[in-house]
Structures are given as C-alpha cells and as structure tokens.
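As a starting point, one isolated chain is supplied in structure tokens, in the form predicted alone.
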Amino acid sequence: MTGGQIAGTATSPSALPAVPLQETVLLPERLGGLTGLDGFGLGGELLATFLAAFIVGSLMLAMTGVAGPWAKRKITAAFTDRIAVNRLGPAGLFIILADSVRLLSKELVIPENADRPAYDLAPIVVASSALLGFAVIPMGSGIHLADPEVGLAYVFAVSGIASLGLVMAGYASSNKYSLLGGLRAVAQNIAYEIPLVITGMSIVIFAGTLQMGEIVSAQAKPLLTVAGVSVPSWYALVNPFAFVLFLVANFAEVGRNPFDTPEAPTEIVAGYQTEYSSVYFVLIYLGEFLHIFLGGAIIATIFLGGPAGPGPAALGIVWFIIKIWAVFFATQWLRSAVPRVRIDQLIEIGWKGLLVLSFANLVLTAAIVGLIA
C-alpha cells in the first residue's frame, strides 16, 4: 500500500516540469511589499493581511456562487438526462445573478418562538467556519495566507466549528424537523470526523509535519519513472487506501449523498435549515458549498500535491482549482447516482466501518514508515 515511497527517485529529462509547490513568501508579505504597506509598521502589515484575506475569500465565494446556482444544476441534469438552466444568458450563467436577487429579496420570516441570538448567529457560524479554513491552504501562484506549524490541525479544528452552527440552527428554530436535523448533523459529524482526522494523521506520519506547506513539498519528490515520465509521490498514489477513506469521510462531513441525512427532504423537510429564508438561507446554503470546496482543498493539499502540475509556476492556482472542482464534481455525481442511506446505517458505517479501517490504516502506515526509517 505504501511501499512505493521507497521506489527510485531518478528524474527523467523528458518529464514535465513540475510547478513549484512551497512559496517562500506568503501572500500578505508579497502584497505588503508590492503596495508599500510594509513600511507602515504593524498597521500596514494588518492592512496587507486583510487585503490578502479579501482576495482569497472573494475567490472562494466566487467559485461557490458559480457552483450553487449553476454548476450543481448543470451536472445533475447531465447525469439524469435532463435540460438544466439555459434561458438566462449564455449556457444559463445569468441564473447566478437571478437567483441571488430572488433569494436576497425574499422576506425574512422568523419563527415566533425562535431563540433569536442563536437563530441569527447559526448561518454566520456555518459560512465563516469554512472561510477560516482556507487561511492555511497553499493554493499555488503565491496565494497562501499563512503557514503555521499546526496547519492541518487548525483546518480540522475550524471546519469542525460548523457542527456548532448546525446545532444552533436546529435548536433555535423551534421546529421538530429542524431539531432532528441538528441532532443528526452532530451524530454524523462526530461519527465521521474521527476517521477523517485519524486518516489525516497517517499523512502526517509520512510527511513528518502538520505544516501544510511542508506536506505539499514532501509530495514533490518523484515516486518512480514510467516510460520517461516522472510520477510524483502524491500521497493518493503512495497510500490509495487512505485516500479512499478520507474521501468517503469527507463526503459524510460535508453532508453530500449518500450521507445527506441531516437535511433528508423526504424525511424531515429540510432538516436544520427548514425555518430559514432570505439572506439567512443564502448564508447556510453558501456555507454548505464552501465546506465542499474546503474539503476538496484539504484533499488536494494532503493527497494530490496541492498546486502541483505540469507547466510554469503561474499555473499552480489553476491546477489547484481543477483539483477541488474535481472533488465537487464527485459530490454531485454521488448525489445523482447513489441513494441516501438511513440514519442508523450512516452511523453504523461510521463507527463500525470507517473508524476501524482508519485505525488499521494508521497502525499499518506507522509500521511501514518505522521499518523504512
């Protein structure tokens, strides 16, 4: 499973040049130098950091804006042999603007007995927890906000905050279906976050660090050379079993089919988001897709070499976006092809299946790395 890591490391002259993986200068520092803000002390550094965060956040929000109203419908229609949005603009792209106006202009209806502080904060918690995770993701082309030594632990921690938002939404809505959806969300996240983190730890054993930039750099070394082409040592190739485990656990974490029981329209109306409308619904909906892209970003970073790919360094961000969109495509494929499992089956798969397999993968990885060392 992981023995390929000790394969030959000869690099062929005809191999495609790899995109440099680890940026030595973070985006805030780069912007500070370009704009001259670094000459204004702490205030200038903070302003450069906010500007960098705005750029990364805008990129992720733009991708989410395309994915939710348009790409989701187009992909689902292609899988189910239907015609998707095609009336507004080229290929129906203006549906993004139309849906934005439609949803934001709707009346904000709040249940009479809602717990207002929690009800109001829940959508913000769900959306912001995903955005915070992108702070440590190396996207290539110099787009990397921060690279702390505990980067992987940080991204797992902040993404888990979304569970709190789902519980708040379910409890504060004063609706039994919302409460059931919130309880399901917590049970599901606990059952699958543990295998997700344990599988991620097996990658830490390989890389020897929690730092995201270093994890990406560790995958830059060639794994082997086939027909004159150098194959990178991406951890998805070194340990495909861990890759599959992480992928399945991630699908459950983001609540996509067949693990969308917290919403389950045929059972509990819309789960934790039943009582949300207008801008609050937009924030929750936005948060769901942001978490899908964050999951794709984590997968791309720790299993697929981050922004690695053939071509010049400027293409790093392009390869990174392609990889996370591939994960998004997989979620929509499953949504169209795989039926939803029951809540008892979902919990059983998590606790009796993925948890056991993730521990087995961790022990086996540690043993193999120990023997190699």
Partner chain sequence: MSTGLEREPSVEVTEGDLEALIGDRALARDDHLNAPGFVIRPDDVQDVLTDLRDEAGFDHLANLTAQQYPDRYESIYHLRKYADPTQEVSIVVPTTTDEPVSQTAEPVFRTADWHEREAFDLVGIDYEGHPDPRRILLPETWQGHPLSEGYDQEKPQLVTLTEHANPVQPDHHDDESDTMFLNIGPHHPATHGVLHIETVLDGETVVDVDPDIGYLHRCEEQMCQNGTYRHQIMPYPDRWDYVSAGLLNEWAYARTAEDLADIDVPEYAQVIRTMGAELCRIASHMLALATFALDVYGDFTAIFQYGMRDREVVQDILEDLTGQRLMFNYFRLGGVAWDLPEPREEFIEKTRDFLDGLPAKVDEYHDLLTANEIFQIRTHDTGILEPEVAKQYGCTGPVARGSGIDYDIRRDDPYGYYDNLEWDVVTEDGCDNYSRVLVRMQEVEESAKIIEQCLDLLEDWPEDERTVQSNVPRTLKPDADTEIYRSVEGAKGELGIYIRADGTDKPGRFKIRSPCFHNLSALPELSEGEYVPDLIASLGSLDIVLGEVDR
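Residue numbers count along the first chain shown, from 1. Just so it is clear, the model here is predicted, and its values are computed rather than measured.
Form predicted together with its partner chain: not shown, discussed below.
Colleague: Could you tell me which of 266-274, 217-225, 149-157, 193-201 sits within 4.5 Å of its partner chain in the model of the complex, going by non-hydrogen atoms?
Modeller: Among the candidates, contact is made by 266-274.
Colleague: Has each of Ala71, Lys74 and Phe328 got a heavy atom lying within 4.5 angstroms of its partner chain in the model of the complex?
Modeller: Not one of the three qualifies.
Colleague: Looking at Gly92, Pro232, Gly142, Pro258 here, can you tell me which has any non-hydrogen atom within 4.5 angstroms of its partner chain in the model of the complex?
Modeller: So the residue touching its partner chain in the model of the complex, by this definition, is Pro258.
Colleague: By the heavy atom within 4.5 Å rule, which residue out of Val318, Val338, Leu46, Ala62 makes contact with its partner chain in the model of the complex?
Modeller: Partner contact (heavy atom, 4.5 Å) among the options: Val338.
Colleague: Taking 4.5 angstroms as the cut-off for heavy atoms, does Phe243 touch its partner chain in the model of the complex?
Modeller: No, no contact at 4.5 Å.
Colleague: Report whether the minimum heavy atom distance between Arg82 and its partner chain in the model of the complex is within 4.5 Å.
Modeller: Yes, Arg82 sits close enough to its partner chain in the model of the complex that at least one of its heavy atoms falls within 4.5 Å.
Colleague: Answer for Lys106 alone: is it within 4.5 Å of its partner chain in the model of the complex, judged on heavy atom distances?
Modeller: Residue-level check for Lys106: no, no contact with its partner chain.
Colleague: Can any non-hydrogen atom of Val167 be found within 4.5 angstroms of its partner chain in the model of the complex?
Modeller: The answer is no: Val167 has no heavy atom within 4.5 Å of its partner chain.
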